[in-house]
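Take a look at this one chain, the form predicted on its own, written out in C-alpha cells.
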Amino acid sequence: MSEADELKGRIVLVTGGGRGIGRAIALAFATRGSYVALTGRTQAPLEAAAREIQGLGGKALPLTCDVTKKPEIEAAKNAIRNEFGPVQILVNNAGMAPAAGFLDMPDSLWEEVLSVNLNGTYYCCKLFLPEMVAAKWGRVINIASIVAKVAYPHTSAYTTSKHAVLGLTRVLALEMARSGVTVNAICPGYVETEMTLNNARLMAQKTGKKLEEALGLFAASSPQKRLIAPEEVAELAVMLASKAADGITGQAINVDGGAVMV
C-alpha cells in the first residue's frame, strides 16, 4: 500500500493551520486524501487554506480555536468528531516566537509564549490522546524547533518552551510505547514563513541592517546557506504519520540544512 493510500481517510488536526508550516502540513495531508481540520485564532487564513484544500478535491474543516483555552479545544474536538470522526493524527504546530532580550522582556510575554507553545501542546495531547489509545493507533507530531536542542540570544521564552515541548514528546513516547501511538517532534531551523520574515524585520530595525541582510544572516546559520521551505517540514510530518514510521517514536528530527547536528 502506498503512503497516499494508507493516509486516505485518516483524520488529521493541524493547529495553527492557516499559515506557514501549518498550512503546508495541512495541504500535504489533504493531497494524500486525509480529512484535515485546521485550527487557529484568526478565521480568514483558516478559511483560505480550507478553500485551497477543497479546490484540490480534499476535505477540510476550518475552526477558530485558541489552544491556550482548554474549553475551546474541547469544542473543536466535538466539531471534528461530528464532521469527520475522532482525530487520528495530531500535529501540534500552533506557536509564537517573539524576539526579546531576557532583561528587557515583560513577564506577560514570557507567560504568553509558554501558554501558546507549551500549554497548547499539553492541552491538545491531553484531549486527543485518549481516543487514539482506545483505537490502538495514532500519531502525535509536535512542531518544535532547533532551539529545543540549542539556544540563541534573545529567545529565552521561545527556547524554554521548545525545550519543554521536546521533554513532553519524549515522556509521552515512553508512556504510549505499547499503545499503537507514536509521539515525535520535528525541529525546523529558519523556515521561509511570515514569522521568520517578521523576526528579520525586527533584527533589521534594531541593527540598522537591510531586511535582505537580516534574512541572509538567518540563511547563513545553515551549512546549506538557505532557509527551509515549509513543504520540507510538511513532507517529514507525512512520513512520520505513515506505516513506514511505525518504529519511530520519541525522536526529534531536525529539518535545518545541517545547522544543528544533534
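Only a predicted model underlies this, so the values are computations on that prediction, with no experimental measurement involved. A residue's number is simply how far along the shown sequence it sits, counting from 1.
Just so you know, the form predicted in complex with a small molecule exists too; it's not on screen, but the next bit is about it.
Using a 4.5 angstroms heavy atom cutoff to the small molecule in the model of the complex, all of Gly18, Thr42 and Tyr158 count as contacting. Here is the short version: of Ile143, Met132, Leu90, Leu172, the single residue with a heavy atom within 4.5 Å of the small molecule in the model of the complex is Ile143. Heavy atoms within 4.5 Å of the small molecule in the model of the complex map, among the stretches 206-214, 64-72, 51-59, 28-36, onto 64-72 alone. Shown alone here, Thr196 lies within 4.5 Å of the small molecule in the model of the complex, counting heavy atoms only. Contact check for Val191: a non-hydrogen atom falls within 4.5 Å of the small molecule in the model of the complex. Heavy atoms of Val116 reach within 4.5 Å of the small molecule in the model of the complex, making it an interface residue.
A residue is said to contact a partner when one of its heavy atoms sits within 4.5 Å of a partner heavy atom; Gly95 meets this definition for the small molecule in the model of the complex.
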